[in-house]
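What follows is a single chain, given as structure tokens, in the form predicted alone.
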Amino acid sequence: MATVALGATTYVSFAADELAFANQIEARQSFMHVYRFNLGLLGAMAKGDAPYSAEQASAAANNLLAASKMSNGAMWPAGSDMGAEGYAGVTWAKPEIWSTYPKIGEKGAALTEALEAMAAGAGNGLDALRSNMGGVADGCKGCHEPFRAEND
């Protein structure tokens, strides 16, 4: 997870001006890439697109669990949402993240709970991996559906 933290020290320029929250947005997007990478490994195994590996499944599940427990509030300052001037197309975070707090914290806790089950079972065979994928997907959707806009 140190790699994700290092991303927070890099300034990124968007368009002609540097945005006040460019650092935080880059860090949280990098954080989500770590999630996506590890979920992709598990998903490919669960779908049969990649051979099941107990070692790799356990590692990916434990990476996800560690990420879910990371203290990353500094990546989410109020005002760094897509509705703020200059942020459309830079971030897809909806303002509701901050206006409905602590709802997002509750959703994050549900994801961590699902990831604890995944980490406990991912290395115990393909059926165990598959049986936990739905809970993890629901945990991800718990934040993404209400708090993140589509970006395609």
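Numbering starts at 1 and follows the sequence shown. Worth saying up front: this structure is predicted, and the values here are computed from it rather than measured.
Below: the form predicted in complex with a small molecule, not depicted.
Met32 is the sole member of Ala117, Leu126, Met32, Ala66 with a non-hydrogen atom within 4.5 Å of the small molecule in the predicted bound form. Taken together, Ala57, Met70 and Met133 are entirely out of contact with the small molecule in the predicted bound form: none brings a heavy atom within 4.5 Å. The small molecule is not shown here, but in the predicted bound form it comes within 4.5 Å of a heavy atom of Ile25. The closest non-hydrogen atom of Met45 lies beyond 4.5 Å of the small molecule in the predicted bound form. Heavy atoms of Leu19 never reach within 4.5 Å of the small molecule in the predicted bound form, leaving it off the interface. Contact annotation for Gly83: none of its heavy atoms lies within 4.5 Å of the small molecule in the predicted bound form.
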